[in-house]
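Let's start with one chain on its own, the form predicted on its own, as structure tokens.
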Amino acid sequence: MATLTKTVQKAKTAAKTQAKTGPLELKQYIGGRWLDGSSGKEFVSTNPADIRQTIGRLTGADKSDALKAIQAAEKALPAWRATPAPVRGRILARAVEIARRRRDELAVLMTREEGKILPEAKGEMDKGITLMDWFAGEGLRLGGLTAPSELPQNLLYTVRAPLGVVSIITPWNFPWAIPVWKISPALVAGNAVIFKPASLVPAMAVEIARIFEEAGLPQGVLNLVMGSGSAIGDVLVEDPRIRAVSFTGSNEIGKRVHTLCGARGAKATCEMGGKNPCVVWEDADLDLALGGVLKGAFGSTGQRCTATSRLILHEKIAEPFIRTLIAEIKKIKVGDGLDSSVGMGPAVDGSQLQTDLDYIGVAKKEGAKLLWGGRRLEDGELKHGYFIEPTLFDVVKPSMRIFKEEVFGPVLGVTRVRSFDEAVSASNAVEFGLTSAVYTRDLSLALRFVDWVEAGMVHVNSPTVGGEAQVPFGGVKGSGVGEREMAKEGLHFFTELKTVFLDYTGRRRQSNLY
């Protein structure tokens, strides 16, 4: 607690200093140079907890900047590709140490720019650092395999080669961890990278580029372009020099990215969202389930693709569980994430806040029963931010939009079931399939759920949120297309496999092999 208090005090001091010196002047990073964008359009990053605070300003990039970034990456690629993988890994390891040293400072910046509470921002910093550290080690493990050949005196093996120039397009909700878990494997595999972050979080993106710059990454290997998707997004997807695109964002844009890449034969992986169920069974440890539901539904203000947005309760425990859940929701203090007493921060901007409110209105019209929340909070200092109450609905039916569509806010809907088949059917009755959870003491039931739920990730007696560096991250159905992220799969996406047949006799001979 003392450390947290000290960090918060530093944050307040930093905010006062910035108020005097003005917002950060942010720039593009192309070919190892910090440059103004060419669009002439200004982008302003503000604190969603207090929009009177401007975090940074930048002039957005346009198509010409994106083309310069691709050209810089092309120029840097041959030398970087020729750099031994262990050496590339050591550069990442230096970036890990820099990020670890700056962890608390960057967590404060994240809270001020994106809005999540400080403990969550520190947790995201830790996750990103762990991911970067894991991929740094892959510089020593980036290999193929050997296989016995049917030919005598023949060495048969595979190697993994980099793709070339790749695009990485990331969202605003995890402005550190998601870019890091995409950029790190792309770099250690030997690719040159064009990084386009969401326009709402440019200050965090600049700090990522600075960390890699300080770590000694050669000029042009990582390029940062910031601006509107309409101005630069298509270039980073459609240019024939871009060999792969790694995208996280909305379903609409993700499907378009996948289609455009497929049309020209480029690789694409698109992580696009979720509508994640948490099943609480009649024999569950209800205290454990309660904590998991609260964290899954209202952590990060519900602004995560792995958030718990559908709570599927066995009817025998539904009433007491809901009563306790409401009591705990009422304890969540909403406010500025730098306040250590706050349990939930703001929506990221006015548009997301309005989306939350619109879905709440739709749920009421469709007959869902509002049990708690549902209002914008504007009392006192909250009037300067995008705050909303944590919201709970009951009697949510699979036909309702609040059941089927991703809100991306702190809105949880309860559906009651009587049987295991009903629980599985309700869990799968949406277009998404990212993550899921079941709380039960019955191992047989848990493993049946694992077998039948349509999700890329399944949690037993833990929240729907979370992932670890050493295992794949991603979903099925409408939640994702392409290869998984993180772990070996995340690294393999940024490589192509090459099979080598090496006859070490050097003599020509007849073969019956096709």
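Computed from a predicted model, the values in this text were never measured in an experiment. So that there is no doubt, residue numbering starts at 1 and follows the sequence shown.
Absent from the display: the form predicted in complex with 2-aminohexanedioic acid. The rest refers to it.
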{"query": "Non-hydrogen atom within 4.5 Å of 2-aminohexanedioic acid in the predicted complex for each of 127, 248 and 465", "finding": "yes"}
{"query": "Which of 304 to 312, 278 to 286, 369 to 377, 103 to 111 sits within 4.5 Å of 2-aminohexanedioic acid in the predicted complex, heavy atom basis", "finding": "304 to 312"}
{"query": "4.5 angstroms heavy atom contact with 2-aminohexanedioic acid in the predicted complex for residue 120", "finding": "no"}
{"query": "Partner contact for residue 181 in the predicted complex: 2-aminohexanedioic acid, 4.5 angstroms, heavy atom", "finding": "yes"}
{"query": "Exercise: residue 427 in contact with 2-aminohexanedioic acid in the predicted complex, heavy atom 4.5 Å", "finding": "no"}
{"query": "4.5 Å heavy atom contact, residue 174 to 2-aminohexanedioic acid in the predicted complex", "finding": "yes"}
{"query": "One residue of 336, 271, 138, 356 in contact with 2-aminohexanedioic acid, assessed in the predicted complex (non-hydrogen atom, 4.5 angstroms)", "finding": "271"}
{"query": "Residues in 468 to 497 with any heavy atom within 4.5 Å of 2-aminohexanedioic acid in the predicted complex", "finding": "473"}
